[in-house]
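There is one chain below, alone, in structure tokens, taken in the form predicted alone.
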């Protein structure tokens, strides 16, 4: 069975005003570090006050984005809950590790450990919606969200589900920012997101976010035609993979109306985007997205959300291609159509 898969609804918490609707791209202004924080919504309409005070920031963001996605889709209980995350709840992990050191491994509070597990957001969503069906979490660095979507596509194609809640989430903390800065993940000098692509320096700007989608076999405005992942390709292998991916879906590069790229402003890795764009899409409208959300393992979820917003707002966009990679290792294409 080869089912057509549509995006029935979505919701995003990011550094943009993406949660309340009416998305207008607006790069934020950074004051001190190359780090973009998500603009968190008012959680009171989603989480009971007695639970809210016990939950970490990542859990609040993930659960709230998922619940808003279900509301936007007019769905109460999905047939499956599948998520991807690169790091899980960093805040809880760091707190638990600090407690181990502070209390010499004695009298530890188990709550941070429980909430730091990668699948804690999935569990909270399932508890909140009383969903006892398929529940899975993928932790594959820059392929985490992609594998969540792939798993959802497999369930839908096999006829084992009609509506799948799939999402990606990651957070940034001060400690994680410092650790990754030691291996060159971030730009050394303060760089504003508006200058990300012209700074011409190594590293990027850290980001975070929680984005969810309801993938469905029921028709909707935007169709997810396909997904392709490539691990550590050469430039030539990447080109061959793109050609094969487009041919598989019976489209050519000229059929793409909008190309959304994961350019991060990192001079070590942006050549992948420049080469592919000049070779296959010299006349195609191209838009980067990481000056809006920052770089993180599941940033491609924000790109997918942005593509859906653009296609819903602009009927002239028939086909949108997303190309993103995570520090030159995990590369992925998403193809959307009507």
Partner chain sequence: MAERVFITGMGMISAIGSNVVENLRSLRLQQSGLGYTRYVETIHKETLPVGEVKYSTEELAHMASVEQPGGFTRTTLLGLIAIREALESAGIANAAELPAALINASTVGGMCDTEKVYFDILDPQKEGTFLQYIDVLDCADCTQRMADATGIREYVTTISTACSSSANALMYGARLIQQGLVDRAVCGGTEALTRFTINGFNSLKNIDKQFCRPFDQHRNGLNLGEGAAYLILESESLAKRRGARVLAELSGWCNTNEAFHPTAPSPEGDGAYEAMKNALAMSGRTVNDVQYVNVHGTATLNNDVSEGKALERLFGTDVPRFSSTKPFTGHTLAAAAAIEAIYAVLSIGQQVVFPNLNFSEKMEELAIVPETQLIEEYPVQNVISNSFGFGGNNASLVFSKYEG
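Positions refer to the first chain, counted from 1. Please read all numbers here as calculations on a predicted model, not as lab measurements.
Keep in mind that the form predicted together with the partner chain is missing from the display, and what follows is about it.
**Student:** Choose from 188-196, 68-76, 132-140, 217-225 the stretch whose residues reach within 4.5 Å of the partner chain in the predicted bound form, heavy atoms counted.
**Tutor:** Answer to the contact question: 132-140.
**Student:** Going by a heavy atom distance of 4.5 Å, is residue 253 a contact of the partner chain in the predicted bound form?
**Tutor:** Because no heavy atom of residue 253 falls inside 4.5 Å of the partner chain in the predicted bound form, the answer is no.
**Student:** Does residue 155 reach the partner chain in the predicted bound form if we count a contact as any heavy atom within 4.5 Å?
**Tutor:** Flag for residue 155 set to yes.
**Student:** Is there any non-hydrogen atom of residue 126 lying within 4.5 Å of the partner chain in the predicted bound form?
**Tutor:** Answer yes; at least one heavy atom of residue 126 falls within 4.5 Å of the partner chain in the predicted bound form.
**Student:** Under a 4.5 Å heavy atom criterion, is residue 258 part of the interface with the partner chain in the predicted bound form?
**Tutor:** Because no heavy atom of residue 258 falls inside 4.5 Å of the partner chain in the predicted bound form, the answer is no.
**Student:** Would you mind checking 305-338 for residues with a heavy atom within 4.5 Å of the partner chain in the predicted bound form?
**Tutor:** In sequence order, 329, 330 come within 4.5 Å of the partner.
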